[in-house]
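Taking the form predicted alone, here's one chain by itself in structure tokens.
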């Protein structure tokens, strides 16, 4: 009669404390890479999305093409997107970041534009009457009032980026996705479950963090609710 292995790794169990203790550095490295991919891609997308949304708000004729282009990009399947970007970036982290940036643009541009359009025209006229020029009006009136909608888009884009970053495992730069992909190929239960749970934890933590930042930056929204 064959003896039953005395540790959860040998038994290949889904929940295994031994896996956490023996693979700690591997998990930390994967989490760090995942966070880097997500943060860099969302920040770049935000830097691109703000001027695009402002352009679409200033010239209404540009809104249709901008929204159409970003929507088309969002409909491209992730594997196809990475394949299309492969000739440009090769097998690198930049490939994953570029893909995540393109996916994030739709969510960010739409929400920032919606926020800018929601600024009351009376408020704009009052600011102009006080001598505000276009740049000052944008920076001190329009963008602050558009923050609730913009932050909502940022939260969705960040959570989506955390999820989509795992697909980067196909080129070796997927953060926790690398562990999920390798674990599924070898049916390593503890690795698949642990990496998946960590992805969920990162997504929830990022969303809660951004929600806290949103409340700090938009105190007037709490006053309106109360």
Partner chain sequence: MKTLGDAWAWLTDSAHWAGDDGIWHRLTQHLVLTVVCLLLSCLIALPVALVLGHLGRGGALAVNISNVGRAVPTFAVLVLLLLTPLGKWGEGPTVVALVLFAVPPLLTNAYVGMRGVDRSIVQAARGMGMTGRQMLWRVELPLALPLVLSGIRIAAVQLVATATIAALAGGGGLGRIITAGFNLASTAQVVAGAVLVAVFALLVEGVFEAAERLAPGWARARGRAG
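Residue numbers count along the first chain shown, from 1. Computed from a predicted structure; not experimentally measured.
Keep in mind that the form predicted together with its partner chain is not shown, yet the notes after this line are about it.
Participant: In the predicted complex, which of the listed residues (170, 46, 54, 67) lies with a heavy atom within 4.5 Å of its partner chain?
Facilitator: Residue within 4.5 Å of the partner: 170.
Participant: Of the residues 123, 83, 140, 92, which one places a heavy atom within 4.5 Å of its partner chain in the predicted complex?
Facilitator: It is 83 that has a heavy atom within 4.5 Å of the partner.
Participant: Against its partner chain in the predicted complex, would residue 187 count as a contact residue? Criterion: heavy atoms within 4.5 Å.
Facilitator: Residue-level check for residue 187: yes, a contact with its partner chain.
Participant: So in the predicted complex, does any heavy atom of residue 72 sit within 4.5 Å of its partner chain?
Facilitator: Yes, residue 72 is a contact residue.
Participant: Classify residue 16 as contacting or not contacting its partner chain in the predicted complex by the rule of any non-hydrogen atom within 4.5 angstroms, answering yes or no.
Facilitator: Residue 16 lies outside the contact set for its partner chain.
Participant: Would residue 77 count as touching its partner chain in the predicted complex under a 4.5 Å heavy atom rule?
Facilitator: Result yes; residue 77 sits at the interface with its partner chain in the predicted complex.
Participant: Indicate whether the candidate residues 42, 101 and 105 are all in contact with its partner chain in the predicted complex, with contact defined as any heavy atom within 4.5 Å.
Facilitator: No.
Participant: Which among 46-54, 177-185, 59-67, 24-32 is in contact with its partner chain in the predicted complex, heavy atoms within 4.5 angstroms?
Facilitator: Checking each option against the 4.5 Å cut-off leaves 177-185.
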